[in-house]
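Given next, in C-alpha cells, is a single chain: the form predicted alone.
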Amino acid sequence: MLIALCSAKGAPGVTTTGLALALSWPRPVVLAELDPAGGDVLAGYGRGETPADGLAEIEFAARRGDLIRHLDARLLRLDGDGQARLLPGLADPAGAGHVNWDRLASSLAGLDGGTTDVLADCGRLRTEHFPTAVLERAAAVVLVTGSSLRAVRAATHAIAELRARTGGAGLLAAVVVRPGEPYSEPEIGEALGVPVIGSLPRDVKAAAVLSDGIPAGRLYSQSALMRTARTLATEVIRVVEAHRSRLAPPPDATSPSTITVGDSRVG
C-alpha cells in the first residue's frame, strides 16, 4: 500500500509527520523521501552520521538492472527490529529532474510483493519536479496541514490541485498538525471537502527528536506526539483499506459451476 504525503506551502511538518507515522506503523513500512528539495531524515533524526546513497544514485544503479533489487539494498533501518525502514532522499536537489518518478512509484507500490507499506514524503506540492506520478499510483494522498487561517486557505487550493493531478484516483484526505490554532479538525475537514483522518499535537520536545536528532529521553515513547502517532497510524490504515474495499468490484454472484440457460440451470 503506497500512501503519499505532501503539503500546500510553508512548513507544516510533512517529514516529521511521515517519520512519526513510520516509527508507529503496526506492520512493515518504508518511509520514502521523495521530496525533490532533498531528504532531511538522515541530517536530522539520523544526526548526519549514516552515509547513504540518495535517489540519484539509486536511479543510476537502476539503469543497470531491476529497480526493486537496488531499492531493497539501500533501505536503512529506522528502528531496532527493521520493521520501519528508510529510503533516503536526494542528497542534491539538482538531481530531481533526472529521477524517473513513474518507474520509482511503480516499484514502491509493489515493494516486497505489496506486503510492505510505503509512506512517500513528497514534500511541498508546487516544488519543481514534484513527483506527480507517485500521487497517481498511491492508494491515498494525504495533505498535511496546519490549523491557522493561512494554512487552511493554502490547503483548500492544494486540495483542488491534487484532485486535478490525480484525476480522482485513490483516496484524498488530510492530517492536521497542531489542531485548534485556531481551527478544529471538523472545521478544517468542512473547509477542504475531504476527510480529516486525524491530527498530531504540538509537542516541541518530542518533535525535535525526529526533526533535529535531539536525544530521546526515557519518556519519549510515551510523549503526546508518539502516543498520538500510534493512534493515527492505525487510523490511516483503517481508512485507506476501507476506501479500497468500497472500490473493489463485488464478487460474481453467479457460481462458476452453474450456468443459466433459459429457464434451466445446468451445473
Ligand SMILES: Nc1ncnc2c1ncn2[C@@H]1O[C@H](COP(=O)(O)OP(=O)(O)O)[C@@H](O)[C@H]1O
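From 1 onward, residues are counted along the sequence shown. Because the structure is predicted, anything quoted here is derived from the model rather than measured.
One more form of this protein should be noted, the form predicted together with the ligand, which is absent from this view; the next part is about it.
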Report summary line: The listed residue (Arg74, Arg178, His129, Arg165) that reaches within 4.5 Å of the ligand in the model of the complex by any heavy atom is Arg178
Query raised in the report: Of these, Arg202, Arg69, Arg63, Arg47, which has a heavy atom no more than 4.5 Å from the ligand in the model of the complex?
Result: Arg202
Report task. May I ask you to check whether Thr15 falls inside a 4.5 Å heavy atom distance of the ligand in the model of the complex? Result -> yes
**Report entry** Proximity of Ser211 to the ligand in the model of the complex, heavy atoms at 4.5 Å
**Finding:** yes
**Report entry** Interface membership of Val41, the ligand in the model of the complex, 4.5 Å heavy atom rule
**Finding:** no
Query - Distance check, Ala229 to the ligand in the model of the complex, heavy atom within 4.5 Å - result: no
Query raised in the report: Pick from 130 to 138, 170 to 178, 82 to 90, 155 to 163: which stretch has non-hydrogen atoms within 4.5 Å of the ligand in the model of the complex?
Result: 170 to 178
